[in-house]
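In structure tokens, one chain follows: the form predicted alone.
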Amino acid sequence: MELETDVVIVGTGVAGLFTALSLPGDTRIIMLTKSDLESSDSFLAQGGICVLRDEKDYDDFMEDTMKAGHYENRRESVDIMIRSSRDVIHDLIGYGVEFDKKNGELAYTKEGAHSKARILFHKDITGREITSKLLARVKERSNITIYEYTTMKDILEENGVCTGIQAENAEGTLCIHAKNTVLATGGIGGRYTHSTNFPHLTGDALDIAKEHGIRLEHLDYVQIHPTTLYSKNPGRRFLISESVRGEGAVLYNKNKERFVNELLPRDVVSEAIHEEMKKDGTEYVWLSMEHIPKETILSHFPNIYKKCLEEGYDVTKEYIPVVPAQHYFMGGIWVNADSRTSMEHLYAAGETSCNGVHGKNRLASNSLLESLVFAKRAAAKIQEEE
């Protein structure tokens, strides 16, 4: 099948959806996803989304992000993300996203390596709230066509310029010819035995980019999340959000002794847990929510409470076993500040791209924000160049 469109977007997570919504209503857009529409990691994000509280918070927000990233971040990209954050939140609320409130005002929570509370959230299913609302708005647009269960196999290239993609689904091969192509294919968790990602997210865009000589960056920058619910079975790990520790949860070794500051950056906490498991000869450590009021657990973390209960643990009464697992990819397809790759008319946004915001280690709750900010910039650049 041969298809013609203005823009083809590969991936229907927040980066792909926000790119589509940020383009004019008369732009012909084709979106495709490898699985069903709700099987993107954007749906799984629990903790929340960072936002610049006020101008006084700028220096701290910058320093927190840079420090977590071991100062290997691209400062220009971090500046763009922080400066754009309030506009993005305004956009989300306009699309129907509901963030938790306290006394009628937006409520903020704190997570590891943040110097203050600057994270907006919707219970413990922030990703689902944002992504489902963006998806609903995309479905309302008559200029957008979505293909589910359709896998990108290659990009189309003429004289070093991207002219679309080749994909496959149950009906056969699709050649989608487009003026501009956006890769928003997510992470690489499917390549790991234990990951918080969906297993079909295997970094397909990276392999295709490599074949075409498209610039890649920091492919070894992989983040391990400290706290996922321990299970003897391989497969996707259930994430225990960083905001649980931000609200006061603590980590214990087998002797019920604390061994680390739970609010240090993720890589530091993960390393400390691995060291403790090695020393104790265990396959997990304990996470305790004993210092968090029961009403806070039930209101802020209802999904985590429910999932743990299904696994046989009542977090309001007992500790739960947790273990680090692969979580996020900071490297990827190199892009500039406008999400343009090294190939003309090819853009990348979200976890599959590397714009340098996260450096060597991502600060908690910067992923949704970074994806949205740079998806919007990709859309703006596409409009500008038409």
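Start at 1 and count along the sequence shown; that's the residue number. The structure displayed is predicted, hence computed values, not measured ones.
Here the subject shifts to the form predicted in complex with a small molecule, a form of this protein not shown in this document.
Under a 4.5 angstroms heavy atom criterion, identify the one residue in Ser85, Thr150, Thr181, Ser77 near the small molecule in the predicted complex. In short, Thr150.
If you check Leu44, Leu52, Met62, Met343 against the small molecule in the predicted complex, which one has a heavy atom within 4.5 Å? Answer to the contact question: Leu44.
If we take heavy atoms and a 4.5 Å cut-off, which stretch out of 150-158, 291-299, 305-313, 276-284 is in contact with the small molecule in the predicted complex? After filtering at 4.5 Å, what remains is 150-158.
Does Asp204 make contact with the small molecule in the predicted complex, using a 4.5 Å heavy atom cut-off? Yes - in the predicted complex, heavy atoms of Asp204 and the small molecule come within 4.5 Å of each other.
Taking heavy atoms only, is Pro226 within 4.5 angstroms of the small molecule in the predicted complex? Taking the distances in the predicted complex, the answer for Pro226 is no, it never comes within 4.5 Å of the small molecule.
Indicate whether Ser339 is a 4.5 Å heavy atom neighbour of the small molecule in the predicted complex. Contact check for Ser339: no, nothing within 4.5 Å of the small molecule in the predicted complex.
May I ask you to check whether Val10 falls inside a 4.5 Å heavy atom distance of the small molecule in the predicted complex? Val10 belongs to the contact set for the small molecule.
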